[in-house]
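Listed next as structure tokens is one chain, alone, in the form predicted on its own.
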């Protein structure tokens, strides 16, 4: 029997998605010798894209917030995003089986048939005051509690709930932190979002190129089965791979899902994570991807469900997602925590939404895929946990596993979705490099007595 091979690294990163790649870039830029281990043959995690004939689809509707902490991280790394702000010049609201103008500005607020005169005035006043709203006191209160206090009119409440679903991808107004939801809505209304040309794989390619230029050793098909303490004083960590290889590192970063992190960690550290509020309630959605060879109505590119938690948007406003003249539509049904839907039920609901927006689309359909349970985020920002501040810190395991850090969309108090992944990746990468330097300094001191 051949002995297992072994190697060393300053920082070993498990996971090659947005969090892992950004952590690798920052750690390597700070002087650490970095190995990144991705269990699959493809980098990206949930930021991967797939091609179906001439159409390119992300894993459900993906958009990058333009004035977010994630964009700041990407700029620091020299990664430029190449995308387009979706055209919302004629946005639609779907309510009662009919389309209405979505009230997103003064003109549409006045002309929409969705709201009565009193609702229009109340909704307009709320949106006008939102940028200056102090959300501090609402971080530990639910969105329902906030709406009870500030939007008692049913029509206004329904519209604001729909806006929050769109900005946060969450459908849990009775549990989600109002402060978090309102902060995310502010971000969405302030700078908007962009759809990336070529899909999110273009962002993964840019981040992986950045990591390679910084000297990161990126390994695919490298599945880690466990982490154990290592070194003469147990001040290092050893990663045991499925192929029998062992990698000894000063610091390990788990840029994985919570379930995968708990699987890899020693029992005491895993138990710490299990106690995190919200990990038992991930954010999920059902998604329908549609490729059309042409659009029946070229101006009808967006619809937001008001009385139903649904969404439809033409993502091929960004290039490379559909053939010339074709269209890539993403439709979603936001799911409540614990909710499951029958495939035929959700497909019918989303197809009917597209029929309202693009009547006559069915004969033009070339590609279609239904995903009934898409993970949006691993942790719902609960009011009882204080919103984003209730997520585990990057160094949450400092006592149980001082040489193991965390990163991902469920880690750290900054950023939501991709922004959370990038922000926690930055913090983990910088902290890992710092701890590596401390370890080397301590080692030299011991060697010299």
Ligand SMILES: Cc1cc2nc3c(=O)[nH]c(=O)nc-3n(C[C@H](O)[C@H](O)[C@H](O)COP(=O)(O)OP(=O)(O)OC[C@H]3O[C@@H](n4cnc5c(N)ncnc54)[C@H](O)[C@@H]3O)c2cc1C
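Residue numbers count along the first chain shown, from 1. Since we're looking at a predicted model, the values are computed, not measured.
Below: the form predicted together with this ligand, not depicted.
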Just one of 335, 322, 350, 376 has a heavy atom within 4.5 angstroms of this ligand in the model of the complex, so which one? 376
Scan 104, 224, 306, 300 and let me know which has any heavy atom within 4.5 Å of this ligand in the model of the complex. 224
Which among 380-388, 415-423, 24-32, 393-401 is in contact with this ligand in the model of the complex, heavy atoms within 4.5 angstroms? 415-423
Counting only non-hydrogen atoms and a 4.5 angstroms cut-off, does residue 12 reach this ligand in the model of the complex? no
So, residue 260 and this ligand: in the model of the complex, are they within 4.5 Å at any heavy atom pair? yes
Touches this ligand in the model of the complex: residue 49 (any heavy atom, 4.5 Å): no
Could you confirm whether residue 19 comes within 4.5 Å of this ligand in the model of the complex, counting heavy atoms only? yes
Would you give me the residues of 19-51 that have any heavy atom within 4.5 Å of this ligand in the model of the complex, in order from first to last? 19, 20, 37, 38, 39, 40, 44, 45, 46, 47
